[in-house]
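In structure tokens, the next block holds one chain alone, the form predicted alone.
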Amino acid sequence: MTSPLPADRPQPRSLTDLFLSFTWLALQGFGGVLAVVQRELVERKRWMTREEFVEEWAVAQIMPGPNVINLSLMIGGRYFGLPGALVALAGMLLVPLMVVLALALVYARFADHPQVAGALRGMGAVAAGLVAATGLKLFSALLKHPLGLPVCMALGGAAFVAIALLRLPLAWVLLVLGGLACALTWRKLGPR
């Protein structure tokens, strides 16, 4: 559960810092930014703990739209309200959009080259490795989860089986297993 922010906790110094931080984050994360977001926000800037990152990433995943965009809106809003959310969103989109448009022009010119196709296939393997490495890094956050490690691992295993092996639709898996996890956690925490 997210607790109030301590006064001495690192946080963005200004809207400019927020914009530049999310621009830098977005420029590092072509093809999937989960690993980059976790490293930048949790390990380098320490704007979030691992536990907060896991919780807020889960919320960002079930909201419509790209996960990291949702997360940037939540973080920007947390520190500066609506202006912060809008600045973080602009940081995630403005400069990367210009870079993507430039790359699209270059790709259109060289897409027929076999070396270009091979390079793109190679990047897919790296992206899968980044996602797996980030999952392993975040595993320690489950040790502090109210449900305990065995239940968390069972829910994670069920999600893996449902999506990777049974090929069930992601939305249904999120709805059923995510809803179950929320209900179990709510029941475990109970009224205090």
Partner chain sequence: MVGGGLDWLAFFGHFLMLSLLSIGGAITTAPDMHRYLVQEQGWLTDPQFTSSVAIAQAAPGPNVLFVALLGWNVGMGAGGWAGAGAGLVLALAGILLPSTTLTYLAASWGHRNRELRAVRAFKQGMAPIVIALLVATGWILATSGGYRLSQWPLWAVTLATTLIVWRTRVHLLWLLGIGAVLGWFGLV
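Numbering follows the first chain given and starts at 1. All of these numbers come straight from a predicted model, not from anything done at the bench.
Below, we turn to the form predicted together with its partner chain, even though it does not appear here.
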(request) Using the partner position in the predicted complex, report whether Gln28 sits within 4.5 Å of its partner chain, counting heavy atoms only. (result) yes
(message) Residue-level question: is Trp57 within 4.5 Å of its partner chain in the predicted complex, judged on heavy atoms?
(response) yes
(message) Does any part of Leu20 reach within 4.5 Å of its partner chain in the predicted complex? Heavy atoms only, please.
(response) no
(request) Examine Leu174 and determine whether its closest non-hydrogen atom to its partner chain in the predicted complex is within 4.5 angstroms. (result) yes
(request) Determine the residues of 69 to 91 with a heavy atom within 4.5 Å of its partner chain in the predicted complex and present them in sequence order; the list may be empty. (result) Ile69, Asn70, Leu73, Met74, Gly77, Arg78, Gly81, Leu82, Ala85, Leu89
